[in-house]
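In structure tokens, the next block holds one chain alone, the form predicted on its own.
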């Protein structure tokens, strides 16, 4: 240990996004001496994200278990607005999907053949939320500082070495700085720093999903519900206003997210298949314009939209899928978003991060000073993260394959919603949550694997027949039956699900 003990910490966390800050707060309350190192400074732009019932259940659990009572308020829209109306968020009543066809205006029928609404809450007060991440992240950093946790922003870790403890060489506004720590948690949300410090590589080779995004934040995006009414498309039997949800516009090449916030901003982005030949070699603006030209209703949504000040431009990502080769090593571990990412289709990022935080904190609390059980605990943690990414990848890859055929997409997506219900039931029963989305449940992983093979067989045909689609839908309905407590794929629902959170 160095002579300057003020610069020695049990745990250094790199990255002050919501996951890094929340981890720091929990570990601090568990008696660890923690510091957080942030390369940038808050508030900073981060793309909008939405919570889910799983995320909100876990926030409430953490609030009680780790003596963070203020965290409970962020688990529902109503309590968020009562306690912190200054922190921007939006209502997220569920998941909404609308299928578009190239060159055509949006159409549907009385059976909602091109619509799917899956409610997750009974009203706006109990609703999940769309997070304006710049606001949420900045607030959590303020809580880190308020707790007396050492926080270094505008500080870059340039190198590190580890003997009995870590020695981190940093550059900060005051110049060079050395920080010593017993353990390092990477919460940066990517593999760059991890590779620089440990040599662990990141790749996308193992993924079935293959997508990228073109996105920004906007003012003045038209409300989709108003556009439906203007087109004389009935909305009276919708379980909620789809603009108050994670609104997905489904295309042949991918999909669009629309997340509204209560300050009139909207997060809007195309998520497109990297295999789409018509987009190869195009620049960001050209991709954007090509998609608007192909889908008239989408162009109409954006006709009066203007870019928000942050980020102030349209951004194109590289391929989204990535996974580190290892999730832990001697004296270090990564949080789930650093470990890997698949795709934002089902808004699972917040919930997956919180699930991983809870597992990692428990391992460190129980085994921090016991190398052998610590190793075994972290090895199981790694197995869980990789299994969770594999399940999410297969579920999302199936969605992309099915997007040109909305009935197939609707049937396939019910595998995801059934898995979430099964996981919610674990949380409600106060069981050990195990792997996220029940990726440790052989029944769930088996039916997803079998169903993916069955889906590919149908899609190998030049055009799936009505009989193919009906048989596949019936097959999914039967396979999810043991875990389906929400009436998923009940024909009488007509793709309108009024409440799907798990019940006993």
Ligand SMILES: Cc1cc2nc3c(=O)[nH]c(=O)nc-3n(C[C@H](O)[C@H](O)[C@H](O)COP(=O)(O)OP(=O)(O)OC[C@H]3O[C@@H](n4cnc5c(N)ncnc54)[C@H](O)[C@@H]3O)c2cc1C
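Source: prediction; values computed, not measured. Numbering follows the first chain given and starts at 1.
One more form of this protein, predicted in complex with this ligand, exists but is not displayed; see below.
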Only hit among 390, 223, 133, 113 for heavy atom within 4.5 Å of this ligand in the predicted bound form is 133
Picking from 60, 477, 44, 33, the single residue whose non-hydrogen atoms come within 4.5 angstroms of this ligand in the predicted bound form is 44
task = With heavy atoms only and a cut-off of 4.5 Å, decide whether residue 24 touches this ligand in the predicted bound form.
result = no
Using heavy atoms and a 4.5 Å limit, would one call residue 76 a contact residue for this ligand in the predicted bound form?
-> no
Query raised in the report: So in the predicted bound form, does any heavy atom of residue 177 sit within 4.5 Å of this ligand?
Result: no
- How about residue 301: is it within 4.5 Å of this ligand in the predicted bound form, going by heavy atoms? no
Testing 65 to 73, 48 to 56, 448 to 456, 463 to 471 against this ligand in the predicted bound form with a 4.5 Å heavy atom criterion leaves exactly one stretch, namely 48 to 56
When this ligand is considered in the predicted bound form, the residues of 233 to 262 having a heavy atom within 4.5 Å of it are 257, 259
